[in-house]
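One chain comes next, on its own, written out as structure tokens in the form predicted on its own.
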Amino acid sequence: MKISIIGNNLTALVLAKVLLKKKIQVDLFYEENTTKNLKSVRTIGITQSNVLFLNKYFKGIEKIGHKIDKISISTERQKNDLLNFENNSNFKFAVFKYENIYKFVKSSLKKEKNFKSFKTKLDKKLVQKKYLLSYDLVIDINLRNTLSKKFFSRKIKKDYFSRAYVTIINHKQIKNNIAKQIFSSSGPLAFLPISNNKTSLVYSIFDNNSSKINEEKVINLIKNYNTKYKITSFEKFESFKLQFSLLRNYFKQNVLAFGDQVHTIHPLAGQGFNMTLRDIKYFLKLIDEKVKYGLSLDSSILKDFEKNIKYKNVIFANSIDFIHEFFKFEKKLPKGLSEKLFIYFNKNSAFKKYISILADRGF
């Protein structure tokens, strides 16, 4: 069995590794330069079940992440924690610097005999019909080439009219195992610890064009909402526009679309890469079923994948979108009513358990 992967990001490398463990030959094609991503302040939150999954294929990967035991949620109007999710016996999720986890995963592929990677002009390579016919399956994670534009152009889109500002703060050493999400009037602000003296910040600020947003203004907003850290410095800022996007079709012929470009969601819950990891798990399950019955890998597996995973991704993505819209609306509710609502949910152990399982494992 032979599979081609188009792309060179973290998703592509993880997918390559797990397929290789299934004794499948993998050829990876790419043209983008990953140097920029490796110098980024970007971090990734990975849920407990997904960390355990990755650790089966990348031994010791959990050690390079910073484990989070508790998640607290508050709003600007009600600064005390409105909702708390914690795990006394284990961790809720772990936060990884993108650079660290990327290098860790990539290094594990060096000794794989059935793995080859090729740097090439994707458009020139992929438009050739003989390329598609030379592989059982082609998995396109790049989705920015001629092939993708031809096969996967139909999407459901929503503009959040927001921009995410990402940085890392250096601060005085503390026990740093609690992630905090503040739904401020400017937009959701997440504090994600990556060590006892460093914390990643993701601030999704509403961009209504009424006032210019610059780095100084973002820093002042962060300082206004920070009540925990004695900040010594800010690392560089990066920003990107926020949009909601769901691909309408996942496959065409023997080509499967995969990764962030398939489902782009709001970063407030840190679930983007976790959705992709769940997609990988289900794809492996389908491969195991094919192998069990001695069947070849063909487009039928792509049809089964779309049929069984697409609706789950739609529900989950819209659930994250609902959370975003709810907290935008919450500030319009009478404060007393809003407070009672959160007190009820915070005391409801069944609700909190269900939400924790959903966030960890998906649907």
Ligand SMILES: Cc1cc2nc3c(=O)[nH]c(=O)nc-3n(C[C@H](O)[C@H](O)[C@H](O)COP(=O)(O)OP(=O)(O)OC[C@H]3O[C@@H](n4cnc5c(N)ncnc54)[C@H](O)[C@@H]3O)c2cc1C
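The first residue of the sequence shown is number 1, and the count goes up from there. It should be emphasised that the depicted structure is a prediction, and the values quoted were computed from it without experimental measurement.
Beyond the structure shown, there is the form predicted in complex with this ligand, which is absent from this document and is the topic of what follows.
Hey, of 289 to 297, 214 to 222, 69 to 77, 232 to 240, which bit sits against this ligand in the predicted bound form at 4.5 Å between non-hydrogen atoms?
Every other range fails; the passing one is 232 to 240.
Using a 4.5 angstroms cut-off on non-hydrogen atoms, would Leu15 count as touching this ligand in the predicted bound form?
No, no contact at 4.5 Å.
At 4.5 Å between heavy atoms, is Tyr98 in contact with this ligand in the predicted bound form?
So Tyr98 counts as contacting this ligand.
Should Arg42 be counted as a contact of this ligand in the predicted bound form, where contact means heavy atoms within 4.5 Å?
Yes.
May I ask you to state whether Gly187 is within 4.5 Å of this ligand in the predicted bound form, using heavy atom distances?
Gly187: no contact with this ligand in the predicted bound form.
Please tell me which of Phe151, Phe85, Phe273, Tyr160 lies within 4.5 Å of this ligand in the predicted bound form, judged by heavy atoms.
Answer to the contact question: Phe273.
So which of Ala164, Ile280, Ile178, Ile168 gets a non-hydrogen atom within 4.5 Å of this ligand in the predicted bound form?
That would be Ala164.
Given a 4.5 Å distance limit between heavy atoms, list every residue of 171 to 203 close to this ligand in the predicted bound form, or none if there are none.
Heavy-atom contacts to this ligand in the predicted bound form: only Val202.
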